[in-house]
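In structure tokens, the next block holds one chain alone, the form predicted alone.
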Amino acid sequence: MPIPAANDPKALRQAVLDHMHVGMTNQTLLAEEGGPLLMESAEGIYVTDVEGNKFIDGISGMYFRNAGHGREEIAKAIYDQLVSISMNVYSGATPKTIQLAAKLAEIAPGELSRTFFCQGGSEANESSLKMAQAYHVRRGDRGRYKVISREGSYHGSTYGTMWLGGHPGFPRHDYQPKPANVVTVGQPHYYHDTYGATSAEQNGERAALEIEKAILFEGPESVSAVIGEPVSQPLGGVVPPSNYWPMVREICDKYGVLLIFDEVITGFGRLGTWFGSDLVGVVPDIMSFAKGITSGYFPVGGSISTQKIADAFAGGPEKVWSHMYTYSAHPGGAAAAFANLEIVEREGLVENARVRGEQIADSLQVMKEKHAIVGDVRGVGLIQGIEFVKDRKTKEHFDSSVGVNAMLTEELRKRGVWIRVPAYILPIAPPLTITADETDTLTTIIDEALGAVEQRLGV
């Protein structure tokens, strides 16, 4: 079969079906949907396909296009760096990557100051977990190997990280057994409270105490770390009660357990603060990051720790943290990150995310009152979500065979918004560059799409 021409949509779609594994779908489903979105160009919050159709990117690629599409200065920064020096040598470092590490130490919360760089979010969380366990080993606590994660969280797709949490769109039945070091607890989500709480604050308290109970049950001497996102993305931007993370921080300190924040999605402005840590007022021992650091223009991730953690690996050869990846600290990625962060600062995108988030939240409240299938709306900044339900009182979801998520995806696409809706959550996470008028357009289309789906359901 010949290589398809870049301007031949039919041949391109067939080649996808014949030759590619596309994440979280298959060739049969793609064929039923008419094939994947074939993107030819993009600018600002918009992507244009090979047939000239223009869409609002309502999901920022995959929660990463913070600075928007079409940023030539980021592309140029990558090019200039690669022309100069394209990669490290073993045990070497490049000036741009060193400067990026210093920049992160400047803007990161609290005393987070030393970074290990990798290529993406899954690797970042793998690195953070390995760093935490190695830290305990260096201190003589070799038995601390267990990690506590929370249902409704997502921390990556590698074998180790995929078992942390529980994302409704990422089933794990193909990948057994569950790692023996993983302990799973609930998390505060008052809309779906499982603790018998009578208030959001009580929900947060009981969720935090469940972590303490798990630590005590497993034995504090066996627990390495607690990992969680400051605001959880899989269920549509679940913002915890204000008492939750401070309580978890105190519990971790009480038992010598490290706290890891997964800021792969929440970092670099998406919540209307530089980091989720800033929003919840708690500084972790280790923070994982990726996505927004380069706005997806180059694959970069990493783990940044406090100096206390870093000092455990200082000394003779026996102290070295035995961990690396081939493309760690790539200078092209560092150049992309630097250019991207300059844009975020110069254009005030963190503050824009906060204001536009308030605008979206107001619109979602109106939709909740208007549409019977909307059970809950939630989120903060530019990570928000709508949970659609069959019955508001019981909070029962539609059976997957009804295909409400596919209906919503189709109705949004027909109106010029690209969001592939998973399970029972409509995620809303446009680029941080979105304007007030563009936000109105986005929320109006979402409102219309919900109405169209209700008509199709006979609601």
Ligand SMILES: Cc1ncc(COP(=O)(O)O)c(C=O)c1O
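In this text the structure is predicted, and so the values were computed from the model without any measurement. Quick note: we count residues from 1 along the sequence shown, nothing fancier.
Not pictured, yet referred to below: the form predicted together with this ligand.
Student: Residues 65, 274 and 292 are flagged as a possible site; in the model of the complex, is every one of them within 4.5 Å of this ligand by some non-hydrogen atom?
Tutor: Heavy-atom distance to this ligand in the model of the complex: none of the three under 4.5 Å.
Student: Heavy atoms within 4.5 Å of this ligand in the model of the complex: which of the stretches 129-137, 261-269, 237-245, 182-190 has them?
Tutor: Among the listed stretches, the partner-contacting one is 261-269.
Student: Closest heavy atom of residue 285 to this ligand in the model of the complex, within 4.5 Å or not?
Tutor: Residue 285: no contact with this ligand in the model of the complex.
Student: Under a 4.5 Å heavy atom criterion, is residue 375 part of the interface with this ligand in the model of the complex?
Tutor: Close contact is absent here: in the model of the complex, residue 375 is far from this ligand, nothing within 4.5 Å, heavy atoms only.
Student: So in the model of the complex, is this ligand close enough to residue 117 to count as touching (4.5 Å, heavy atoms)?
Tutor: No, residue 117 is distant from the partner.
Student: Counting only non-hydrogen atoms and a 4.5 angstroms cut-off, does residue 156 reach this ligand in the model of the complex?
Tutor: Judged by the heavy-atom cut-off of 4.5 Å, residue 156 is in contact with this ligand in the model of the complex.
Student: Heavy atom within 4.5 Å of this ligand in the model of the complex: which of 122, 328, 363, 94 fits that? Just give me the one.
Tutor: Selected residue: 122.
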